[in-house]
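Just the one chain here, laid out as structure tokens, in the form predicted on its own.
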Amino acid sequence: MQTVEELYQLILQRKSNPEAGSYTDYLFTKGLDKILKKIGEESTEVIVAAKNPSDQEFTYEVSDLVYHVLVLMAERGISVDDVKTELAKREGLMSKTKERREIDKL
């Protein structure tokens, strides 16, 4: 089974060494606007799937969204570790509204 980090590394490899005919190469070739359009489409599909009873459909759509977000991260030069670091900064603060507002000011 491929981890998120492994998928991200594969996306980076495809960005550095394009593989003709690959969907990842297609997205990078089309550029930021195409990637953003796909993020919007996939986000909408996640919302619709979440309203339906099928967990399989929801999981499928979330997987599509995660993939496209990873492509966007690669395009922007943001790593999975960058996201982990940001999430770690928030750990334990989400339920503490006052502390959360303090962080938002930074």
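We number the residues from 1 along the sequence you see. Everything numeric in this text was worked out from a predicted model, so none of it was measured.
The next section is about a form of this same protein that is not shown, the form predicted in complex with a small molecule.
When contacts are defined as a non-hydrogen atom within 4.5 Å, none of S43, E75 and T85 contacts the small molecule in the predicted bound form. The shortest heavy atom separation between L7 and the small molecule in the predicted bound form is within 4.5 Å. Taking non-hydrogen atoms only, Y26 approaches the small molecule to within 4.5 angstroms in the predicted bound form. The small molecule is not drawn, but in the predicted bound form it has no heavy atom within 4.5 Å of Q13.
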